[in-house]
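Encoded as structure tokens, the following chain is the form predicted alone, with no partner shown.
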């Protein structure tokens, strides 16, 4: 017997079939059985080794022996999991040690860790946009202004706040002048403003010029009774960008009021975090649902992240950062000698190679797989139509042979 629920399941099936027909499905994931024992470990899939060129592990720290040893030691000391949320069962010392180290690393009063960077963005945007209880004193008379290419977690955080349309505006990508125009035109309409942007834009590896953004904000602060708050998601910048890995803040010599980072990319572990002054962190600890009502990262992940930060902040970390920059420049040099080009200029390890056509992009990815290299196609709606790309992600542990093989495979598979 056919039920109404069966009709609903048919609708879902038709939607997944539509996605499959466009060649943009994401659920067919490669199952990695283990990793090799090279300096830059290959992924083993169906017994075959694959060079990894699509990982956010920009420094190779997830395989670093000290990071793995620290994960094991923390798990042995504190257990495999947190046991419960922190306000119920208490906060493990490893969490506070990590938060203090993150605050020190970024030059802030305090930090708080979340299960993911996505959860951190949801929490920060919702809580800073709206009071979460009937008695909350945080005014929701706020204007949120977001870069047009911000990450999905920022978009969803703004949606979650459920602000009226007139309290949500978008400024043109990387355009500080457009941001200034919006701030000036909106003067007198709201008590306060939140300007939110990615530090590094993950699809193209572009950097937001935070110095220009901060200058605009400083010029317009007086237009709003409660001022303007700058929030930056620097998940792709932390650990890899800047002379010492402090991210886009270091590159542009400026600070956000609220900085969101991740432990799961350049730092090789797992989880997200926010750093800010003590007042903001105290408020977010009392109001963030994804912090209060959700388990934290595992103690092992915290131990691994703590070790990774210490490595980045050491002579070894400096060498890894130098290797990352050299490898990125070498990839660009070799790519210029091919028939391919970047979709946008990028000094970041994210190197977006423009293909343009969805089916051609998918075919190239399959060709790379046949040649023993893992790469990822980025297609509409993640990027605009006609801007399909293969996002190469360069690691500090890639060899020159690895990079030459990646570029050569583009030529061989076209």
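Positions refer to the first chain, counted from 1. Keep in mind the model is a prediction, meaning the values are calculated, not measured.
Another form exists, predicted in complex with a small molecule; not displayed. Remarks below refer to it.
J.: Although the partner isn't part of this model, could you tell me whether residue 328 comes within 4.5 Å of the small molecule in the model of the complex, counting any heavy atom of the residue?
T.: No, no contact at 4.5 Å.
J.: Is there a heavy atom of residue 267 no more than 4.5 Å from a heavy atom of the small molecule in the model of the complex?
T.: Contact with the small molecule, no.
J.: Using a 4.5 angstroms cut-off on non-hydrogen atoms, would residue 147 count as touching the small molecule in the model of the complex?
T.: Heavy-atom contact with the small molecule at 4.5 Å: absent for residue 147.
J.: Should residue 271 be counted as a contact of the small molecule in the model of the complex, where contact means heavy atoms within 4.5 Å?
T.: Although the small molecule is absent here, residue 271 would touch it in the model of the complex, with heavy atoms inside 4.5 Å.
J.: Using a 4.5 Å cut on heavy atoms, which of 259, 124, 235, 305 is close to the small molecule in the model of the complex?
T.: Going through each option in turn, the one that passes is 235.
J.: Using a 4.5 Å heavy atom cut-off, which residue among 245, 117, 299, 205 comes into contact with the small molecule in the model of the complex?
T.: It is 117.
J.: Within 4.5 Å, heavy atoms only, one stretch in 80 to 88, 250 to 258, 306 to 314, 151 to 159 touches the small molecule in the model of the complex. Which?
T.: Single hit among the candidates: 151 to 159.
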